[in-house]
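Only one chain is included here, represented as structure tokens and corresponding to the form predicted alone.
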């Protein structure tokens, strides 16, 4: 497989996953806005957190002065100046798929291309929040459909492994980003207005679609330590950070035929380093304040793994 094709399927998977993750975070916030009184400092902090999770708050501030629900929703969903907006992610994924049409299933290309063309033919400038909500649901359904096509039709060869690596690396990084922002917000609330911080831990679970799974594992109490363990190192939850990294390593191992070669040694070392970090924190009771540096390191390590992976397989 040519390195340009491998790069295309890798980034196709990452952009599909990114679009779904951002849609899920924004959808969860919109639902919560309908359920409670959405005014005041806490509400503003919520919308600010959504921007920080899905994009860059500094970039947002360069364009907009206020944090308004409608503005944030449009920025994350449709703004072309936001490189991580959902419509941009879908376009990037579609272009990546077009470059790899010879090795991906025809249905995968057709579904992704149809979704792209549908978005292109719509004018989202004046969409209501209700219509944006329906759009976010369609993006999640699109991601589920594409993943179903991949799992049910693709040969378990090199292209499949590159797709898996892109998906799991993107997902693990997003979970870490969500937890990082949540930890910061809980500290701010405790210092400023003494608000009960269980609210943000509930939000973290909802952002990763993990609330129902969490309740099956733990009593219905938003305990920070339990939520952190569940989202960082619970190996049976498919969006926990450790689960994602384990699957990245498994896909790399499959790609290498179960062997560590001289050119892949650096990549395996980077993955082993992250795995050792998880082993260390499993035996510690860490507060949200103490977990922040770990999450910062993990996000940096994810970037490093992505760089080493690209260098190893000439995707740069």
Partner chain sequence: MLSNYRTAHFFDEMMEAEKRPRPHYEKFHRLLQTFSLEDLLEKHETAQLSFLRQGITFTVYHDEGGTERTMPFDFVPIIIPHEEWNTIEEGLTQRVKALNLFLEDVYNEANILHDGVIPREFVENNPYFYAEQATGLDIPHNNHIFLAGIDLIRDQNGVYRVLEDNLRNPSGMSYVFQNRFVMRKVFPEFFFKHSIRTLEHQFSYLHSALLSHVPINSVAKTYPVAVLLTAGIYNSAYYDHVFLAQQMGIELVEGHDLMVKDDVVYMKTVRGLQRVDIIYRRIDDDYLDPAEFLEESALGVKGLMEAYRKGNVAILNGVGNGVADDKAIYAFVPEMIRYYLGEEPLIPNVDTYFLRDPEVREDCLSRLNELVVKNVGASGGYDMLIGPQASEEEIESFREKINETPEQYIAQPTIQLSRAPAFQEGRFYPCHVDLRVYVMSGESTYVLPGGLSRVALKEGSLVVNSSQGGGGKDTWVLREEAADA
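Numbering follows the first chain given and starts at 1. Bear in mind the structure is a predicted one, so any value in this text is a computation, not a measurement.
The same protein also has a form predicted together with the partner chain, omitted here; what follows describes it.
Contact with the partner chain in the predicted complex, defined as a heavy atom within 4.5 Å, holds for exactly one of 101, 235, 217, 131, namely 101. With the partner omitted from this view, the residue of 109, 127, 199, 78 that lies near the partner chain in the predicted complex is 109 [heavy atom within 4.5 Å]. Heavy atoms of residue 291 never reach within 4.5 Å of the partner chain in the predicted complex, leaving it off the interface. In the predicted complex, at least one heavy atom of residue 94 sits within 4.5 Å of a heavy atom of the partner chain. In the predicted complex, residue 122 stays away from the partner chain, with no heavy atom inside 4.5 Å. In the predicted complex, the partner chain lies farther than 4.5 Å from every heavy atom of residue 83. Residues with any non-hydrogen atom within 4.5 angstroms of the partner chain in the predicted complex fall in just one of 24-32, 252-260, 268-276, 64-72: 252-260. Contacts between 1-18 and the partner chain, taken as any heavy atom within 4.5 Å in the predicted complex, involve 1, 2, 3, 4, 6.
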